[in-house]
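Taking the form predicted alone, here's one chain by itself in structure tokens.
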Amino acid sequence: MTQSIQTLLDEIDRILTHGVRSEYATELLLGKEGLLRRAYHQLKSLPQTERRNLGKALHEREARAKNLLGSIPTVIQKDTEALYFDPTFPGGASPIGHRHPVGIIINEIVSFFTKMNFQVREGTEIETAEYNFDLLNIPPAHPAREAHDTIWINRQKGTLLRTHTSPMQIRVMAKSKPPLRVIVPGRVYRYEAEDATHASVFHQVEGFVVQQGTTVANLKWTLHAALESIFGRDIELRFRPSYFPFTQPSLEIDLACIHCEGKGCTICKQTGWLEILGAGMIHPQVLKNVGYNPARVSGFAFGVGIERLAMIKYKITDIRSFLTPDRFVIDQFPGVLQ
């Protein structure tokens, strides 16, 4: 008998220690068929000497149970069955999450360029027109300054949400001396009508090198090596002349479609090529704006949209997929957290 009551006491102690916040604790401890009532019932059949000590122990636990349970709000049960709470039962494992595809690409870019002795910098997302436009040689009448393309915070004061990561090119060069190798990953903003290929909020990585003797050949080799590292395979690039106010010469870079091997498919719109990024040699006026002498140093710069790379690599047809909270979508991408 004594052993039976001791077993009940042990179970009472476990619930008071671990399971008192269970919605079933009151019934288990203080109910008509509860553990304390059952222990008191068995106490009557014990010898007087044993009843005294065990009775005191039961009174102490009953007082403790009433005190603890009285301080916990009552949980209203809706269509649930009373379940026995076993505090020794192992808990369920929490699901392991996934890295976001945008984060995967950024990490791959940072990993490649840090091995090439590039520094990683981050800039403010709220910029001034001076750094976002003026010092990057973007003229006052350029369409990029208009409200249909830029999200202005205060047009009169010249504050806006940065439209690209290029302002950090100016900020870094203005405070540093060549040689420089820098990449700047970050979020940027455009006043865009959103659809499958356009978003008003997306991510870019700006990269630039400034030193003596930098040439277009250096730019082409760097981009080719970086993109091969990201896509994990041999690639073919096409360089086309273009125009950007802050580079001269300017280049648009196309990637031979990695899905159809350049033969033409729905992803590349049957052209065999995918437009992937813009780049060029830093404009001499931009170098002068930060106090550099274009006769002594030169540099190249490039800017690439992270979502654009992820769409190509993972065959994603809608850029809005990156903003969905749907785990069914995100869990399809590699990069499981360990």
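One rule holds for the numbers: they count along the sequence shown, beginning at 1. Keep in mind that this is a model prediction, so the values were computed, not measured.
Just so you know, the form predicted in complex with phenylalanine exists too; it's not on screen, but the next bit is about it.
Residue in contact with phenylalanine in the predicted bound form (any heavy atom within 4.5 Å), chosen from 98, 171, 181, 164: 164.
The single contact residue among 222, 204, 128, 150, judged by any heavy atom lying within 4.5 Å of phenylalanine in the predicted bound form, is 204. Only one of 45 to 53, 28 to 36, 274 to 282, 308 to 316 lies within 4.5 Å of phenylalanine in the predicted bound form by heavy atoms, and it is 274 to 282. In the predicted bound form, phenylalanine lies farther than 4.5 Å from every heavy atom of residue 112. The closest heavy atom approach of residue 118 to phenylalanine in the predicted bound form falls outside 4.5 Å. The shortest heavy atom separation between residue 190 and phenylalanine in the predicted bound form is within 4.5 Å. Among heavy atoms of residue 302, some come within 4.5 Å of phenylalanine in the predicted bound form. Using a 4.5 Å cut-off on any heavy atom, the residues of 233 to 253 that reach phenylalanine in the predicted bound form are, in sequence order, 244, 246, 247. Legend note: Cα of residue 148 to Cα of residue 162 is at least 3 Å closer in the predicted bound form than in the depicted form.
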